[in-house]
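Presented as structure tokens, the chain that follows is alone, the form predicted alone.
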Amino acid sequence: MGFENLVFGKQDAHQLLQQYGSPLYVYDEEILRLRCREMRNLLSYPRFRVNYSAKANTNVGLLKIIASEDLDVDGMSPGEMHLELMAGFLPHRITFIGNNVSVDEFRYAVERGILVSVDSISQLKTLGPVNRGGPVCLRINPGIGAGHHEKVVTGGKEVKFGIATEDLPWAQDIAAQYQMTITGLNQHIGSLFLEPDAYVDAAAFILQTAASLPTVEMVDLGGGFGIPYRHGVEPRLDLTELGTRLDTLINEWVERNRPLTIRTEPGRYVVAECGALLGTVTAVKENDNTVFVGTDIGFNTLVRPAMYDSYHEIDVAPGTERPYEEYRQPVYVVGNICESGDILVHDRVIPRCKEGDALIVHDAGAYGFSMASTYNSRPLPAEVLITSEGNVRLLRRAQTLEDLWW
């Protein structure tokens, strides 16, 4: 371990902070394109499409890159669909996968020719009057869940998502009442899996379900593909093994049944590793043999550690030249929000810090800015892109104090 001054090995952290302000989100175009291509090449099955789950990061500049890599996209709200359309996604490349939404949100999608997925009988009844005679996708609960935290498990018992398979005949009756055709099924078991077994099992389940619904033309296997946040400790998800097992499963099903379009909907895997969050050390103090390194990265800027106990690797870029030294007692990196839970790093070995040092928080491209807030009335940070040519381009300016009230 040592000091690290360069972001993605390309741009000096202090120079970026000086030019664009602190804190600051930085994205790397080359990594983003690489992850898009890995997902796009996951299967050899010819009718395979990738739907990027845009809730992970909706920056329009990144969406344009993702669209150029021939990925499709999911939207969870009219706001997300609006941004996706602005980024150049045509309506047939967007799927609205909301839950517990209003009839006005359904109408927004239907009027634009965007396929809608519903995850309850109640929502199907709400959609019917504004989508009479149209296609519809059903989100089913496969009874299988996976994820790094109970708050991100989206399949199985006691989760709010999906239609139970025993209710599918009821769903067919409601769809028929409004002359809607059930053309697709989708599911999601949870987020950040690094082993393929649960995902493959859920894929087998949804394909089995599709066999009983002859109008289904598309099956979305879901997302949740994980990345190794603990560098050098967690293994990467073996995409070769996962792809091989899925190809075998899908081809065997198609031989017995009929051709289908197969989709996945990764979010985190596409954007997490292309993003870093920069901040500044603002205070260092010691209480009861515990060191607290204060920073301007509060949970308003990156909420994952406070919400999910999530782990992010952190590098220190010293503000002054000095020998490398590590703390010998527990260190907590804490933010500037007036909450005791505003903790970025719990009890970890990190380099000794001084006021004015820069921090580089890795793997912050997914559920970073998209979950940020103005809590404590702190403006949102800027976002910049390191292009494939090595240049830095502003994607979104930092908010000003005036933006907080307008």
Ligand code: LLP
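Please read these numbers as outputs of a predicted model, since none were measured by experiment. We number the residues from 1 along the sequence you see.
Below: the form predicted in complex with the ligand, not depicted.
- Remark: Leu127 does not count among the residues lining the ligand in the predicted bound form, judged by a heavy atom distance of 4.5 Å or less.
- Interface membership of Lys55, defined by any non-hydrogen atom within 4.5 Å of the ligand in the predicted bound form, is confirmed.
- Remark: Ala202 does not count among the residues lining the ligand in the predicted bound form, judged by a heavy atom distance of 4.5 Å or less.
- Using a 4.5 angstroms threshold between heavy atoms, Gly275 stays clear of the ligand in the predicted bound form.
- Using a 4.5 Å cut-off to the ligand in the predicted bound form, not one of Arg49, Glu217 and Val254 places a heavy atom inside that distance.
- When you look in the predicted bound form, the only residue of Arg245, Arg263, Arg304, Arg93 with a non-hydrogen atom within 4.5 Å of the ligand is Arg304.
- For the options Ser191, Asn300, Asn141, Thr295, the residue carrying a heavy atom within 4.5 angstroms of the ligand in the predicted bound form is Ser191.
- From the list 220 to 228, 100 to 108, 164 to 172, 83 to 91, the contact stretch for the ligand in the predicted bound form under a 4.5 Å heavy atom rule is 220 to 228.
- Residues Pro266, Gly267, Arg268 of 266 to 295 are found to place at least one heavy atom within 4.5 Å of the ligand in the predicted bound form.
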